[in-house]
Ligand SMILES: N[C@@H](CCC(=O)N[C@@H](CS)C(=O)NCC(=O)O)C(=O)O
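In structure tokens, one chain follows: the form predicted on its own.
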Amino acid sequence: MTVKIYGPTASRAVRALWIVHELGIPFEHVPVEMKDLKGADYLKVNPNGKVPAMVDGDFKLFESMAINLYLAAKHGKGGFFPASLEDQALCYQWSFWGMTEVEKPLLTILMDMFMTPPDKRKPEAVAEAQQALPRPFGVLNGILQGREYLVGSSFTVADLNLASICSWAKPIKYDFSPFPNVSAWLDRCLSRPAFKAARATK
């Protein structure tokens, strides 16, 4: 059965597109324009009027992390969605941690740098976001000491979900030199063919 993924690639929908490419899940990409998010047809898919959203048969789901964890649990193979309850919990942990600790400051900087008119920019908010990032990146750098991935010895949905958030550090040219383990891990994740394919999805 073909899964439908709604949302442009230049949005959080790229996370869902990455996982369908990663797992070889048959999918249809519906690149909903931002101006159409409040339309009646799309609101039947996601009543929040936001992206991404997913339809799998009769099942509808929104929120990027929920979509990815669902697809990983349903289609994961070769340890991509771990077998043990403990390792599954770690996948949830790192997915939610990325959302609560890293996403907001990265998005604040990204939006201000690329999507805000010069006269509307907020240097104080950007400075605050910059100051917030070293602490979580320090935590992540310590966890990755001596290991290539977050859970076990192979790439899992935990890596995909967190790397999809941390990928926003690339366009803002965030300085990872104090966090070499994070830098190497992120490059490792973003060099995967599935991520490149997701970015190129039309």
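All residue numbers are counted from 1 along the displayed sequence. All of these numbers come straight from a predicted model, not from anything done at the bench.
The next section is about a form of this same protein that is not shown, the form predicted together with the ligand.
Does each of Lys122, Ala125 and Pro171 have at least one heavy atom within 4.5 Å of the ligand in the predicted bound form? No, none of the three is in contact.
Does any heavy atom of His21 come within 4.5 Å of a heavy atom of the ligand in the predicted bound form? Although the ligand is absent here, His21 would stay clear of it in the predicted bound form, with no heavy atoms inside 4.5 Å.
At 4.5 Å between heavy atoms, is Gly49 in contact with the ligand in the predicted bound form? Yes.
Is there a heavy atom of Arg147 lying 4.5 Å or less from a heavy atom of the ligand in the predicted bound form? Residue-level check for Arg147: no, no contact with the ligand.
Touches the ligand in the predicted bound form: Asp56 (any heavy atom, 4.5 Å): No, Asp56 stays farther than 4.5 Å from the ligand in the predicted bound form.
Just one of Ala73, Met99, Leu90, Ala132 has a heavy atom within 4.5 Å of the ligand in the predicted bound form. Which one? Contact check passes for Met99.
Determine which one of 156-164, 173-181, 29-37, 133-141 lies within 4.5 Å of the ligand in the predicted bound form, judging by heavy atom distances; exactly one does. Residues of 29-37 come within 4.5 Å of the partner.
Which residues, if any, of 169-183 lie within 4.5 Å of the ligand in the predicted bound form when only heavy atoms count? Result: empty, none.
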